[in-house]
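Taking the form predicted alone, here's one chain by itself in structure tokens.
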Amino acid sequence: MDTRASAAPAALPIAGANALVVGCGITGLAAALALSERGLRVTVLERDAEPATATASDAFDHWKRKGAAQVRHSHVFLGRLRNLLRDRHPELLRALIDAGARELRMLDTPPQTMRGLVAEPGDDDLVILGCRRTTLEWVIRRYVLARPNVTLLGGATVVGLATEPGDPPRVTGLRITQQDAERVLPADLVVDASGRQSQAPKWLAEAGARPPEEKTEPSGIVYYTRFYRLLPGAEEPKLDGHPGAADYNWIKYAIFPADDRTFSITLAASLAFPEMKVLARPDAFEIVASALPAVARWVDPARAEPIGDPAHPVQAMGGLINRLRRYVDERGPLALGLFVLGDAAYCTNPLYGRGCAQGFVHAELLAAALERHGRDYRAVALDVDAGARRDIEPFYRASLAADREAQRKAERRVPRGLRATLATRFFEDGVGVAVRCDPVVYRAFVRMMNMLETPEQAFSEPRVLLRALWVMLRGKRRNAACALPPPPDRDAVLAACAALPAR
């Protein structure tokens, strides 16, 4: 992506255009920021109420976000997002850090089994932001809505598109309801950033447009999150041989350091293990968390205490899907002047933490295309589609492949065919071990995880392939010292959960 300084907004052919953005979540804010930066006048439509909090920290306790159920789950803000803020919006990055967001340098905390990792050019890009989603959104929202050419229209519900007939139809605005009255808001272009629940296919059908291509698969997991705050005088545990995230098949876990001395723990389980639904109970959550050595040190009652909604101390999230919707087909855009961004177009398993970075990337693709093509919305749509296929779709495919493989393992199905068997062995016994002991493979993995390289780019590089293959060929015996520490005994953990008193 080109992150060089743009031309002066007033000189751009798109300057002065009126844009409506549906949704004031991360992708909607990213779109408002990117478009207003290019001189567009932006109105953001949002159903949820404004955060009536004076600080970002208060937002976690008091901000109601019915339209974004994931805000009180664990989040990680990848290097791709942090670098975009660093390069295009350094003052916004500074505001986030001032609010408590932490720059976590991934190469500073490699696996303890790693040897020979030395600094290389580009390592400064391998930095993630650690903070709660409410903190990130609260700070970005204040920053974006302070811009003179951005306006928020609260309490508005979109009921459809305003269009001029044609093939494709031309979008001229939105039909909305506000305070029980319906009206039309005119616009030069419309951005749908309404997330997984996007109604864009319905709106297009009502406008007589061609339907989007859609592919949907369930992720096959449910995940459970609990937040904690360090006690006065307590510090975060030092790194040991147990990683901050791991997949033991019957249970996955990840630890997320955040702002204001808080952190969160997410436990995830396959739908193939329905008995893991017990994790929705806080007492069962604590049993499982305390059985995982890496997690136990964090949730030790002498170190930290749970925080969050007392009525829902453990946040559960299911119905997770991988979904692709394309709004350009072989004939071109389905509607002129409509651009669908973020989860509304590419929805992936949030376990991989790509959603917020993807929303910013998609918004920048749109803004750069408008900068190049002005009001030629057909050319803009083709440009954005090409960029998304290059920069976003590889991660959709990776999410799909990872979830399919996780479901296969949970259901104890063997790989089908020689090719699948060899691929499984290469990634389990080669890449999976090499990321804990080989600096070249580890760095490639970290770059891919942070969306700085696609999976194809990271793992088709010859030296990465050869090193992972060498690790695989060494055999399990020689690789035992680099393998993940053994998981806790599943039956014993579940027995302890089953022994809890009925609620």
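All figures in this text were calculated on a predicted structure; none of them were measured in a lab. All residue numbers are counted from 1 along the displayed sequence.
The protein also exists as the form predicted in complex with a small molecule; that form is not presented, and the subsequent description refers to it.
Using a 4.5 angstroms heavy atom cutoff to the small molecule in the predicted complex, all of 158, 195 and 357 count as contacting.
Just one listed stretch, out of 370-378, 291-299, 89-97, 74-82, contacts the small molecule in the predicted complex at the 4.5 Å heavy atom level, and that stretch is 74-82. Remark: residue 203 counts among the residues lining the small molecule in the predicted complex, judged by a heavy atom distance of 4.5 Å or less. For the chain shown alone, residue 58 is not a contact residue for the small molecule in the predicted complex, no non-hydrogen atom being within 4.5 angstroms. The small molecule in the predicted complex comes within 4.5 Å of a heavy atom belonging to residue 48. The closest non-hydrogen atom of residue 350 lies within 4.5 Å of the small molecule in the predicted complex.
Among 365, 127, 320, 144, the residue placing a heavy atom within 4.5 Å of the small molecule in the predicted complex is 320.
Proximity to the small molecule in the predicted complex, defined as a heavy atom within 4.5 Å, singles out one entry of 285, 227, 396, 223, which is 223.
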